[in-house]
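Next comes just one chain, in structure tokens: the form predicted alone.
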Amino acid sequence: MSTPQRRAARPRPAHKHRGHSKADCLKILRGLSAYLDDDLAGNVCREIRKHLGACPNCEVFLASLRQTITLCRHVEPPPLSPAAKIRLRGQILKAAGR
């Protein structure tokens, strides 16, 4: 009796969802913060909305990002220690070239 032959595994396409590649999603995700801040041109916003309407994974990410932003707005930042303030001021001045 012979043993059944294993089929060779077919390579899977990189993340594809309704015609979107992983690269398409990454491009959209990189622009979501500016999208939420309304800092993008109208044609870019339309492209993002079109992608979101066809990509449930990106819609979930957007909802999570919105929730994170809301939570962060309601949390009081901890006070900086005097040493941290001095260090931060020095870094800002250095970055400003002073």
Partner chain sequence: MATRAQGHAGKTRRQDGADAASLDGHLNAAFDQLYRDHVDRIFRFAQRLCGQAEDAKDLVQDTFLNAYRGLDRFRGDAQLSTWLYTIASRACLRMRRKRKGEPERELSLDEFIPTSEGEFRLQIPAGGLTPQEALENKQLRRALDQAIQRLPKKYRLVLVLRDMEGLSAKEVGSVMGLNERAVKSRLHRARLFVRKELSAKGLDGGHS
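Residue numbers count along the first chain shown, from 1. In this text the structure is predicted, and so the values were computed from the model without any measurement.
Another form exists, predicted together with its partner chain; not displayed. Remarks below refer to it.
**Q** Does at least one non-hydrogen atom of residue 43 fall within 4.5 angstroms of its partner chain in the predicted bound form?
**A** Looking in the predicted bound form, residue contacts with its partner chain do not include residue 43, since no heavy atom lies within 4.5 Å.
**Q** So in the predicted bound form, does any heavy atom of residue 54 sit within 4.5 Å of its partner chain?
**A** Result no; residue 54 lies far from its partner chain in the predicted bound form.
**Q** Does any part of residue 58 reach within 4.5 Å of its partner chain in the predicted bound form? Heavy atoms only, please.
**A** Heavy-atom contact with its partner chain at 4.5 Å: present for residue 58.
**Q** Is there any non-hydrogen atom of residue 30 lying within 4.5 Å of its partner chain in the predicted bound form?
**A** Yes, contact at 4.5 Å.
**Q** Enumerate the residues of 56-78 that have a non-hydrogen atom within 4.5 Å of its partner chain in the predicted bound form, in sequence order, or give none.
**A** 56, 57, 58, 60, 61, 64, 65, 67, 68, 69, 70, 71, 72, 73, 74, 75, 76, 77, 78 sit within 4.5 Å of the partner.
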